[in-house]
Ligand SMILES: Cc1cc2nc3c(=O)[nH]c(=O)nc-3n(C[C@H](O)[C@H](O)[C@H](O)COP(=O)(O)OP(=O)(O)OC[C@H]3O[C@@H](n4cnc5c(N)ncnc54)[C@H](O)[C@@H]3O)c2cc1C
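The chain below stands alone and is given as C-alpha cells, in the form predicted alone.
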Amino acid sequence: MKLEEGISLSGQCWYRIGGKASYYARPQSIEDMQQLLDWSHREGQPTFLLGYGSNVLFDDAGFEGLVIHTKSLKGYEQHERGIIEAAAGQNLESLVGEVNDLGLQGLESFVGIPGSIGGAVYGNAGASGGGIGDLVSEVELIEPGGIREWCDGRDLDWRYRESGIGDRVVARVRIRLQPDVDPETLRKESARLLEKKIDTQPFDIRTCGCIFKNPTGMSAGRMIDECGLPDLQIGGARISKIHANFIENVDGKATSDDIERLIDRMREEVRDQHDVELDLEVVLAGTREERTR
C-alpha cells in the first residue's frame, strides 16, 4: 500500500481542474485497494474513488482526504459463456471494442464514454435509453471497513443514474452479454452511435459530460437551451452551444468556481422559467456540501 501526499488532481480528471489531495494512492491490485479502504476507515479519512475522471469536478481548494485512483486495476476475462468479468479500473470504451470483436452483444451503445467500468456501474451509466445496470450479473463490492464480497446484480436498487451501491466500492464487475452475434454488426452499430455523439455533443472539448440528470420525461439540455443560456460564459467556463447540458473548459482556463457559478445560474434559470429543480449528474468532489444534490 503506497500513499502519496499533496498530489495535484487537475491532471487526473477530464476537466483538468482541481487542487491537491491530502492523500493519493493508485492501487495495483484489489488487495491494495482493500488495504487502502481499511486504512481510510480506521483513520476517519474521507475517501473518493476516481476512475478516468470523466464526470468529476474537483474543487480548486483540493480534496481533504484520500483519493484512490483505480486506473491500474485493469483487465477482463470471460467468466463463463456470455459473461465478462472486468476489474473496476478497466476502460469502458476499450472494453466495448473488445467485446464487439468477440461477438458479444450488449455494450456496443456505451461507445464514446471515457470512463471506467467500475464508475459506470456505480453511477448506472446510460446509453441509448438503457442503463448499464441492466447488464450486471454480479458486482464484487468492498465495504468501508475492507470486507469484500460478491453481490447479485438483482439485489441492487438500480434507478436512473443510481445503483444503490452507496458507500461501498466496486472491485470487479460481471456483465451478462449475448454471445454469437456477428462482430461486424456490433462494430457498425458502435460506429453509428459514436458518430451521432460526435455530431450532438462537444466531443473534443474538455467537459465532464452532462451536468444535470434529465427529469422524468424531460430533457435538461432542452430546458437550459430554452432559457437562452447556451454560449453564456463565466471566466473560463462556457455553456456549450452544441449541447446545453455541457459546460466547457475554454482553453483550459476555467476554475472550479467558474463552473459552479454556471451550474447555479443554469439551475436558477430552469427553476424560474420551467418550475423544475435540476439534480446534478456531475460529481462535485471536495466542493461545498449544499451543491452535492
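Residues carry their position along the shown sequence, with the first being 1. Bear in mind the structure is a predicted one, so any value in this text is a computation, not a measurement.
Separately, the form predicted in complex with the ligand exists; it is not shown, and the next lines address it.
Note on the interface: of 49 to 57, 252 to 260, 237 to 245, 222 to 230, the segment with non-hydrogen atoms within 4.5 angstroms of the ligand in the predicted bound form is 49 to 57. Although the partner is absent here, residue 283 sits close enough that one of its heavy atoms falls within 4.5 Å of the ligand in the predicted bound form.
When contacts are judged by a 4.5 Å heavy atom cut-off, residue 153 does not count as touching the ligand in the predicted bound form. Residue contact with the ligand in the predicted bound form: residue 97 places no heavy atom within 4.5 Å of it. At the 4.5 Å threshold, heavy atoms of residue 175 stay clear of the ligand in the predicted bound form, well away from it. A heavy atom within 4.5 Å of the ligand in the predicted bound form is found for one listed residue only; from 169, 186, 107, 84, this is 169. In summary, among the residues 196, 74, 161, 79, the only one with a non-hydrogen atom within 4.5 Å of the ligand in the predicted bound form is 161. Within 4.5 Å of the ligand in the predicted bound form, a heavy atom is found for every one of 113, 125 and 209. Shown without its partner, the chain has 88 as the single residue in segment 71 to 88 with a non-hydrogen atom within 4.5 angstroms of the ligand in the predicted bound form.
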